[in-house]
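Single chain ahead, by itself, as structure tokens, in the form predicted alone.
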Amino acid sequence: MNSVSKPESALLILGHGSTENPDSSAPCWDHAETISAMGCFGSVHCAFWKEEPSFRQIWPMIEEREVYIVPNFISEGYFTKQVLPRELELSGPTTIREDMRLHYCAPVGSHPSMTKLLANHALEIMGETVRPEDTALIIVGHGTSLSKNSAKAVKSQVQALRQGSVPFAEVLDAYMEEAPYISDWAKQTSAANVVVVPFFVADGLHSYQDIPVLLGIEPEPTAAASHREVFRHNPHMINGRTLWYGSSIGTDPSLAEVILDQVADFDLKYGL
């Protein structure tokens, strides 16, 4: 259990949001509710790039004078290094603005505790019907030159999982739009059992519609972007293989602990 206790401070969770996918912001609100119930902050808030409250609307809603800001993003990149600091008018790790002290933490996806979360998420998806030692774990990212940092984050997690004590027979990375392609999952491993986890902060068109088609679970994209039934039909029998498909890692309730880990790491790094 995380030991963060900052009743005089506020926590601000930043998300991308979406004007098209209503589920994009849901994990941020869920994690905020979980952390708020813990009572470790005076208040917990969310703000979004593409939804309200926006980054610039949020400040009048926060009464505390010290605020820890955690980006709910999967990797370090253009958004976390340029867009968010610019929109929030941050000048460094800690910004003093009027009578507020704003601490800008690293994004959730970059924390080492994400590795354990990925393994536990996969095990929960599988249940206890087969042994993980007989199962390949595939972490899926988007890929392409537009998402280099995302692919880098996936590769880092795969390497950490391989070097750790997770019991899976294999741990592999795969992508929607670059090799190794998730559509070729059956060629990447000979394991009879395969569990697939999308490395995204929220479920959306990719996890609901695109990846199920690429895996062979669905013949064509489902009609509704918020249709969650695809995650409830495990396992899938495909060409003599048993396949489990899970929701995006960012939807796991335990991500709330990773958010708190980033706050604790900020204090440790900067001596607060």
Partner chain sequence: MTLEETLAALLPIGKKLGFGELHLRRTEDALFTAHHREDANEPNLHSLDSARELREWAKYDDEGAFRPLKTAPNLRKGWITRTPEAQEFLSRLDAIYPGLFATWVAYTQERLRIVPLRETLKRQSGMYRISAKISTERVEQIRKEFCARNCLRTILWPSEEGSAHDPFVPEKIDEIPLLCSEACTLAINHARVLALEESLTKTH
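Keep in mind that what you see is a predicted model, and the values were worked out from it rather than measured. Numbering follows the first chain given and starts at 1.
The following text describes the form predicted in complex with the partner chain, which does not appear among the structures shown.
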Assert contact residue (the partner chain, in the model of the complex, non-hydrogen atom within 4.5 Å, options E87, E178, E124, D134) equals E87
Exactly one listed stretch (193-201, 135-143, 87-95, 154-162) reaches within 4.5 angstroms of the partner chain in the model of the complex by non-hydrogen atoms, and it is 87-95
**Asked** With the partner absent here, would S207, V213 and P253 each sit within 4.5 Å of the partner chain in the model of the complex, counting heavy atoms only?
**Response** no
- Message: With a cut-off of 4.5 Å between heavy atoms, is K50 one of the residues that contacts the partner chain in the model of the complex?
- Response: yes
query: Are any of the heavy atoms in S18 no more than 4.5 Å from a heavy atom of the partner chain in the model of the complex?
result: yes
May I ask you to state whether E66 is within 4.5 Å of the partner chain in the model of the complex, using heavy atom distances?
-> no
I'd like to know whether E218 contacts the partner chain in the model of the complex, with contact meaning heavy atoms within 4.5 angstroms. no
Near the partner chain in the model of the complex, with a heavy atom at 4.5 Å or closer, the residues from 29-65 are W29, D30, E33, W49, K50, E51, E52, P53, R56, Q57, P60, M61, E63
